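Taking the form predicted on its own, here's one chain by itself in structure tokens.
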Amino acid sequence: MATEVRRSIEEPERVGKLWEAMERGRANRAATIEKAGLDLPAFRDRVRSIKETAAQDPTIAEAFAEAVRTNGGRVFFAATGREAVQYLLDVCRANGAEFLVKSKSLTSEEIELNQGLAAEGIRAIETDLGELLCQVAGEKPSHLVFPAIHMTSDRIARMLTEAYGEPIAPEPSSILSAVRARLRPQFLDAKVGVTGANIGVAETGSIVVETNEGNGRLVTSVPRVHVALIGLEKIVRRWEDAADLVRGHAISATGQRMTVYVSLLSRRLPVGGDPADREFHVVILDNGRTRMRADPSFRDALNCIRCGACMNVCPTYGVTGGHVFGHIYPGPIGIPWTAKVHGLEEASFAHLCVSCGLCHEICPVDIDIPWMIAKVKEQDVEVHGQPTAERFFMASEAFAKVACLAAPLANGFLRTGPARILMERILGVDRRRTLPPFARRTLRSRVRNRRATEGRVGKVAFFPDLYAEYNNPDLGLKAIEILERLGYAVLIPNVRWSGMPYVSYGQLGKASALAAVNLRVLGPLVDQGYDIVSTEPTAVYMLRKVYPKLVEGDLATTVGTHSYGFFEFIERGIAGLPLRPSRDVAGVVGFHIPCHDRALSSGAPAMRFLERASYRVRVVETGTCCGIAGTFGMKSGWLGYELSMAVGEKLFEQFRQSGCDLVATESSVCTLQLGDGLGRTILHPLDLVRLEGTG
């Protein structure tokens, strides 16, 4: 896979085109949501409820099939992709069809319909432009919604010039004219048309086909026979449900309020001649969906509406593309789908996921994609083992303890070239990555003899995680001082680290055991009235979002609801703090929002904290991850450091052009990435502010 990653990264024109398309997709989606005045959480809940019912209730598909038959259609339940292909072959042979025309064909890609038909001498002609271009190129689609997103106009023109034997200019109008001229006669000559379906509606036996090109309507109406291929999870009970899904598809997939062509098909009406001579077939595909429904870890994947939003925010997909970050279903949601439909071996691209969590935040159906990816990684590790670098980073806590005990020696060792070369060769830690130094005294040892303050406002259990405990205790001390000035009694509980690398690298058993240890400490403190506060966004993310997945029961949920990011927590009393800047405030602070904080507070409290201290703050963002993703970007090679820096380059460039005098972020690892990418000092917000009356 490293070779494929390198090849993708070294195509700057393709990466640039892909990145622009992703940015445009995110921007259009956000603008449409705002313009429509959509209550996004409520709409998300409604769509999720519809999809959960559709995916989990097998009687809906039976009711749909019966309604289709009542309308005069024919229904075939295909248990496997092979059965579906065979049914299509039988339909073509019965109708003397040597070729067929296709539209809306993602599900047909899943079952490799074109290849199955071709093996029996029947040609499938793609009519949607993106799929057609992929077919001419002999490639798989690289995006759920924009199959040819990876192709440039120049490449398309060269490819079609060779395929059609006529010169075609690299301009959209020329490309479209050439394709249209080729397709129109084929629509008229085709005896069989095949489409997918976005939705099936059980109450009337209808299908909904949504496209932004008119070809889908030609495929469904002109040939004598129309075959619709639909996954059983796409069938809903009522038209009211379908209406919400149609809206959700358009907003999340392309940022439109409505897809250009929304076709509602219930029966075959005559274009001319005898209506009895027109056939409508529906193939309802299982192909692993029932198995997915029965698996608690993966049934959530059936709620996917195929909008592609998760791809538009995925950092590593953004520089590798769907041919590397995918099999047939690409991108984050493609990982669980591939594992359950095509098998674990085809889902090896799961390890390109850096566990940033952004796919969950943007998902319009609230699918916990990161959790399912972690489960796929867990299965993959059980079969193929764990790389050395991942084993090392999962031992970060033990390494930090030892390094602190021998801090001067350890820090000197980590700064020498030969030592870093040795670490790279033996442990897989990239020699170019800056590693944080270790403190001679841990945070706990430094607060042990401090005089405890009265908790006139409340009580806080400060969760230091690794960075504030072993690398930068001064940061923890600053946070504790502010908490105490606000009137909180503060203690550091006897917890271990939060353990994100266990989740990132597919060791969920170890993650669960660690979570249980921490919860046994934190649970009683919450019962005693303590709130849990951390300066590390990933620690709060683990407590709130991940621990409830790792440990069943109310304890994890209770602890999670009492866990806060530091700046989020102190906002309630910040007005009374005598904050002063510790740096020159003439310039602007460029602020980077860590990925895991986007699921919490989106960095807003930290920025308001800086503004209270008289700084001007500007968010500098690409809309996705900075690239380091915890310890992922510390690993050597193209599946670590190289890929992380390729992801980060867009952000580095934005910071270079921002004119910001200072750069700040809350995350310890984002600090390393930005420091290495920009070659400048990156500050925590607490480093930029002091309390009046202190040094």
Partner chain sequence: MTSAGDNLGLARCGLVREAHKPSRVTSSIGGGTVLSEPELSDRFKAALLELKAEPHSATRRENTPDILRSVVEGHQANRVVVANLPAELRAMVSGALKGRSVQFLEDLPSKDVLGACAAAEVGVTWAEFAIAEDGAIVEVAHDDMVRLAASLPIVHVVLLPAGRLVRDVGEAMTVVGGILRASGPGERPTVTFISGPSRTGDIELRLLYGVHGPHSLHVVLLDWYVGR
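Numbering follows the first chain given and starts at 1. Computed from a predicted structure; not experimentally measured.
Not pictured, yet referred to below: the form predicted in complex with its partner chain.
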Item checked: Contact segment among 616 to 624, 397 to 405, 91 to 99, 233 to 241, judged by heavy atoms lying within 4.5 Å of its partner chain in the predicted complex -> 233 to 241
Next item on the list: Using a 4.5 Å heavy atom cut-off, state whether residue 413 contacts its partner chain in the predicted complex.
Entry: no
Next item on the list: Please run the contact check for residue 218 against its partner chain in the predicted complex: heavy atoms, 4.5 angstroms, yes or no?
Entry: yes
Next item on the list: Would you please decide whether residue 303 lies within 4.5 angstroms of its partner chain in the predicted complex, comparing each non-hydrogen atom pair?
Entry: no
Check: Heavy atom to heavy atom, is residue 140 within 4.5 Å of its partner chain in the predicted complex?
Finding: no
Notebook entry, point to check: Can you pick the one in 9, 21, 672, 678 that has a heavy atom within 4.5 Å of its partner chain in the predicted complex?
Noted result: 21
Next item on the list: Quick one: from 530, 392, 298, 146, grab the residue that has a heavy atom within 4.5 Å of its partner chain in the predicted complex.
Entry: 146
Check: Any chance 70, 188 and 264 all have a heavy atom within 4.5 Å of its partner chain in the predicted complex?
Finding: yes
Checklist line | Members of 147 to 177 lying within 4.5 angstroms of its partner chain, judged by heavy atom, in the predicted complex | finding: 147, 148, 149, 151, 152, 153, 156, 172, 175, 176
